[in-house]
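The chain below stands alone, shown as structure tokens; this is the form predicted alone.
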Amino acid sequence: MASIVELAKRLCEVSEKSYLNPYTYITWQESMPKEQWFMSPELISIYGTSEYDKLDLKQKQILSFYESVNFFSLNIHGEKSLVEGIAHRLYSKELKDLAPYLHHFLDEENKHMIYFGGFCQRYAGKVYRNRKLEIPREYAKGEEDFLFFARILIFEELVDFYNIRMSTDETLEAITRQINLVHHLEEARHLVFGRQIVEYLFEKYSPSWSEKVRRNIQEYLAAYIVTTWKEYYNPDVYTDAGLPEPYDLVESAWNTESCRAHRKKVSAKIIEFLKERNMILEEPVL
């Protein structure tokens, strides 16, 4: 724990020096024309499919708008869960020494929701619904905390790949690029912390877990990666973008080889991290 506490102290210093006011960081436009790029084309969920290739430029750009709204919506739901979980654990016996940084964590995630929600509500008039479902159950000692931070780490690793790419894509609409940039800069600290605490909790508690518990955790985390990816293929996005047969499009995109290759590429870093530490045994089928 001592090494995590020292890391948390350093991250606190960086967070304090890098503080941004979420109410002044972005100058919101009154309206947002949809015929421009909001997501890098290669990150659009159906990119590489025959259906995407048939679209004209205007259709692709409108689709990129709704894909960006979906991406921001996924972040809102992920961060709502994160904020609830961190607040629940704040000053707990296990994590009390990390409380100063957890306050920064909460503050920064709340600011991210302001950015994401600000874009979605202003320009799309909605946030896409959360499709994840968590079923309450009993946990072994330390298992619930470990899974909570492991889920956060998986989600943020995948998201950060997108943030990095879009924060430097000069063809994207400026506010979209700006949101992706600030999210990456602050999430970079969260990812460093996340890897450390996931390792710490696993090393502390996994020796006491039964073989069944360990196996269930390994299967759960592999399945969570797949479930997270499936949320990127949202039929509501395709409907809003005016594309026909949205559910068929989900199926087609999920099974297209170039889309599979993209998911594997984006997931490679977090899968390697989990496999090296026996947190998962096999690469999930993406």
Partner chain sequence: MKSEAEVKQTLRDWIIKAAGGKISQEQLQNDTPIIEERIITSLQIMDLILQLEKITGKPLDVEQLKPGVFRNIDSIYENFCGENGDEN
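Residue numbers count along the first chain shown, from 1. If you're wondering where the values come from, they're calculated on a predicted model, not measured in any experiment.
Beyond the structure shown, there is the form predicted in complex with its partner chain, which is absent from this document and is the topic of what follows.
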Counting only non-hydrogen atoms, the one stretch of 30-38, 43-51, 231-239, 66-74 within 4.5 angstroms of its partner chain in the model of the complex is 231-239
Only hit among Lys96, His88, Arg129, Arg122 for heavy atom within 4.5 Å of its partner chain in the model of the complex is Arg129
Applying a 4.5 Å heavy atom distance criterion, does Lys141 contact its partner chain in the model of the complex?
no
**Asked** Any chance Glu211 has a heavy atom within 4.5 Å of its partner chain in the model of the complex?
**Response** no
Close approach of Ser92 to its partner chain in the model of the complex, 4.5 Å, heavy atom:
no
- Flag Asp248 as yes or no: does it have a non-hydrogen atom within 4.5 angstroms of any non-hydrogen atom of its partner chain in the model of the complex? yes
Contacts from 202-238 to its partner chain in the model of the complex (any heavy atom within 4.5 Å), listed N to C, are Asn216, Tyr220, Ala223, Tyr224, Thr227, Lys230, Glu231, Pro235
